[in-house]
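Presented below, as structure tokens, is a lone chain in the form predicted alone.
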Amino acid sequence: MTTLAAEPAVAVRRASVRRLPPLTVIISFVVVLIMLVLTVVPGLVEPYNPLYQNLFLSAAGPTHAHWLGTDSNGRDVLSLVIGGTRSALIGPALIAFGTVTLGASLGMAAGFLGGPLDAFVNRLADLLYALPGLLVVIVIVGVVGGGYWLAVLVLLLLSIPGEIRLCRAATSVQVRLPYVEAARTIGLPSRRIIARHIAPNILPTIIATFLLDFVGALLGLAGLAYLGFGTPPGAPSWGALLYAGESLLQQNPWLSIAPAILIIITATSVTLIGDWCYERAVRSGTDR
């Protein structure tokens, strides 16, 4: 009797262990949580004002007072890196959210309704796909001079085609399934079918594309800042720090190393979380 009673408890413990994310994913969640804290309240951990200059300490290496040294203007590198977290994460988050909201809506509507709407959405996606994204952003931001938020807007628009195509393809598969035909038969409106039935079933695709869009936007904005576009001159930015550190590799290589490490760690962590969430969503959908 004792053995029989213990077997369900053992099974429950094993199931809970299987539900736990791998160690790499746990570490990735910790990294993302730290980045969120640095984004929301950077002033709590910044040792100095990132814009404060001390020309007597220009391009100095790491010391007890400045753990990562200073840049050519005598600004604390650690404070600059922490201050750059906000521009590094907020823009990509807005791009990913806007891309998923607009792209998924258009893709699901096109895949479900078909006809002229499907043709129009496909041609729109083809047109945006044909544009050289980075070159378009550089030209628009360089000519208009709109800065960071204009770069965010342009990258958002150029990221929509991928979301449209993925969600349209996933919706087209769902439309042929019996549950959609049953919903149509009982007279449910198209909007309700898409929102309450199709969207939950393609949620793994939406989750995966959201996080991949975030990573792509993170790298894109960092690349633009490296080229001198998007962020105002002197503003803390990981990409701008990479560029500024090129000329100071002999004096203080941490000016380039620190933001490069943060870009790699953040992009890798978000990608690992996205893969894990996608697998969990697919597995839960299969179990249902």
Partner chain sequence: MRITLFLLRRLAGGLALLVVLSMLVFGLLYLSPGSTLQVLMGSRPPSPALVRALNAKYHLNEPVVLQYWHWLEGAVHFNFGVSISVETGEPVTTLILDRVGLSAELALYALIIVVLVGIPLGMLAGTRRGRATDRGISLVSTAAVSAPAYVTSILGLYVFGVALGWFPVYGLGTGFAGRLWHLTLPALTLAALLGAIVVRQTRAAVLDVVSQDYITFARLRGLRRGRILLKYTLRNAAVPVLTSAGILLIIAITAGLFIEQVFSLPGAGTLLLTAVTDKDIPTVQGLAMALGILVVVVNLLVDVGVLILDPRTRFSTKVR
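Numbering follows the first chain given and starts at 1. In this text the structure is predicted, and so the values were computed from the model without any measurement.
Not pictured, yet referred to below: the form predicted in complex with its partner chain.
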Open item on the list: Test of understanding: in the predicted bound form, would residue 249 fall inside 4.5 Å of its partner chain by heavy atoms?
Closed with: yes
- [ ] Indicate whether its partner chain has at least one heavy atom within 4.5 Å of a heavy atom of residue 253 in the predicted bound form.
- [x] yes
Open item on the list: Since only the chain is shown here, I'm wondering whether residue 129 would be in contact with its partner chain in the predicted bound form (any heavy atom pair within 4.5 Å).
Closed with: yes
- [ ] Spell out, yes or no, whether the shortest heavy atom distance between residue 186 and its partner chain in the predicted bound form is within 4.5 Å.
- [x] no
Task: Stretch in contact in the predicted bound form with its partner chain, which is absent here, among 214 to 222, 109 to 117, 84 to 92, 199 to 207 (heavy atoms within 4.5 Å) - done: 214 to 222
- [ ] With its partner chain left out of view, choose which of 102, 78, 140, 175 has a non-hydrogen atom within 4.5 angstroms of it in the predicted bound form.
- [x] 140
Task: Option touching its partner chain, based on a heavy atom within 4.5 Å in the predicted bound form, out of 38, 68, 32, 257 - done: 257
